[in-house]
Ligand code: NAD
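Just one chain is shown here, as structure tokens, and it is the form predicted on its own.
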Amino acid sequence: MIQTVGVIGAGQMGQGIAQVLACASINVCLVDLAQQALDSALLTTSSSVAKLQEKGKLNSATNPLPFIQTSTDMQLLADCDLVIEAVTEDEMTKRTIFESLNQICRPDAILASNTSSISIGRLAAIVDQPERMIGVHFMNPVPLMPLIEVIEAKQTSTESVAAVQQLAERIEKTAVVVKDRPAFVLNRILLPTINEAIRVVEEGTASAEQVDQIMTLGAGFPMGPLALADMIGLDTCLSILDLMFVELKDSRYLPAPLLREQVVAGRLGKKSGEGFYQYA
């Protein structure tokens, strides 16, 4: 059974993953290059748990902070049973991390990426025991979203898949195992929808607000596609679409020019304070 989990990256996704693990009394080793990011992650965890408990959305009464150990040194991950990489959606950055983990971690430790689009098989080729490599795509916001998209590469062992499925049960998530294909399942379907919504705004058919109103009230979406794009990060949306277009050679995945314009201008969505909407 997985007892200790390493998480690399203390940003929004890494912090959320660490939080749900710690709330299930699982020991977490949270690593980031910046001490400030680690400190911020602990503060966010504390306030997030308090809000969830106040709203009755958290079954556990466990204080997660004693279960989270932080460091700027990746050596902290040496004895982890599972290490989840949750950094920026850039393949070269991830490759560098897994090259390091290949040297630091135990040979029986499972290595996982929280990538939303990058090939698990290519990452598996970096490590000496490729059968331990797996994808664990958590949804944002992690504490609230019940799904983990588990990506099984050709190299991934059935033991690695089973261990991740058992972990998902412990943190009250549903693990759906899919094959290693470009952008997997969720983003293969979601990103073209977001891209088309951006094209509708770009051509002047409707405003962002109107598009989201139509899709929430008319199609039953819990959140409009453009508000969702802002929450995901427009830079992340662009990188996923670029990757899908290169991998699949299909014009459906060619990013809308307006999306690229937003990213170039630094309007990345909620995290930058402005995207298709303004944020305080």
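The first residue of the sequence shown is number 1, and the count goes up from there. Treat the numbers as computed from the prediction; the structure is a model and nothing was measured.
Keep in mind that the form predicted together with the named molecule is not shown, yet the notes after this line are about it.
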Discussion item. With the partner left out here, check for me: in the model of the complex, does some heavy atom of residue 9 sit within 4.5 Å of the named molecule?
Written reply: yes
Worksheet item: Just to confirm, residue 132 within 4.5 Å of the named molecule in the model of the complex by heavy atoms?
Response: no
Practice prompt. Tell me, yes or no, whether residue 269 is in contact with the named molecule in the model of the complex, where a contact means a heavy atom of each within 4.5 Å.
Written response: no
Discussion item. Taking the named molecule as it sits in the model of the complex, is residue 156 in contact with it (heavy atom to heavy atom, 4.5 Å or less)?
Written reply: no
Discussion item. In the model of the complex, does each of 87, 93 and 140 have a heavy atom within 4.5 Å of the named molecule?
Written reply: yes
Worksheet entry | Answer range among 228-236, 59-67, 250-258, 42-50 for contact with the named molecule, defined in the model of the complex as heavy atoms within 4.5 Å | 228-236
Response to the item:
Exactly one of 163, 97, 208, 126 comes within 4.5 Å of the named molecule in the model of the complex through a heavy atom, and that residue is 97
Worksheet item: For 114-135: residues with a non-hydrogen atom within 4.5 angstroms of the named molecule in the model of the complex?
Response: 114, 115, 116
